[in-house]
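As a starting point, one isolated chain is supplied in structure tokens, in the form predicted on its own.
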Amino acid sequence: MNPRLFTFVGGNNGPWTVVRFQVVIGEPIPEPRKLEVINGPVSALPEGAHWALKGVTSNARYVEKDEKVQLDSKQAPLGRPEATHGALIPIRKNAQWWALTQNERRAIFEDRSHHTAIGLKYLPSIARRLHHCRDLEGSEPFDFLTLFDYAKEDSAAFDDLVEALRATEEWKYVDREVDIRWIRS
């Protein structure tokens, strides 16, 4: 079993209750009532599930050493007792993004969009873990799955973070995004 593989199951069962569901751009997925995160593969869709999305944690990409040091020093772990609210945001970037070289993507990601700098403003109150889907066999419907958690009082800050990122040049390359907000049941 790959310990870096996570399966996100949306449907009628799970420890997280969906409180907001928004298709931001692109094709929808069925709206779940509940979410569950399983550290590992799911061989068959569980009873009551509408979908399962898979992703793996991986090495940091598009960041330079000093940025990684800053992120690592401020990043809080997921699952803190006070972090009863959160989001799962699956996104897919278009073919134009993937046709760019690593250096070109880095220039858009950080030099012009300031993705890391924006995220640093919201640490440690908002924790996140990025899952890569393009690294998996088969055809996954999204390129990235980002899991966030935060305390209820940081909900407005999370909205600000998402709004700031969606206003960047980087987001012009996103052709599918779903925003699923949850609270711990």
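Quick caveat: nothing in here was measured; it's all calculated off a predicted structure. Each residue number is its position in the shown sequence, starting from 1.
What comes next is about the form predicted in complex with another copy of the chain, which does not appear here.
Q: Of the options Lys74, His114, Arg105, Arg80, which one has a non-hydrogen atom that comes within 4.5 Å of another copy of the chain in the model of the complex?
A: It is Arg105.
Q: Is the gap between Ala60 and another copy of the chain in the model of the complex 4.5 Å or less for some heavy atom pair?
A: The answer is yes: Ala60 has a heavy atom within 4.5 Å of another copy of the chain.
Q: When the contact criterion is heavy atoms within 4.5 Å, does Ser43 count as touching another copy of the chain in the model of the complex?
A: No.
Q: Closest heavy atom of Glu64 to another copy of the chain in the model of the complex, within 4.5 Å or not?
A: Glu64: yes, in contact with another copy of the chain in the model of the complex.
Q: Arg128 versus another copy of the chain, in the model of the complex: is there a non-hydrogen atom within 4.5 Å?
A: Contact check for Arg128: no, nothing within 4.5 Å of another copy of the chain in the model of the complex.
Q: If we take heavy atoms and a 4.5 Å cut-off, which stretch out of 118 to 126, 149 to 157, 134 to 142, 28 to 36 is in contact with another copy of the chain in the model of the complex?
A: Stretch with heavy atoms near the partner: 134 to 142.
Q: For 1 to 22: residues with a non-hydrogen atom within 4.5 angstroms of another copy of the chain in the model of the complex?
A: Heavy-atom contacts to another copy of the chain in the model of the complex: Met1, Asn2, Arg4, Leu5.
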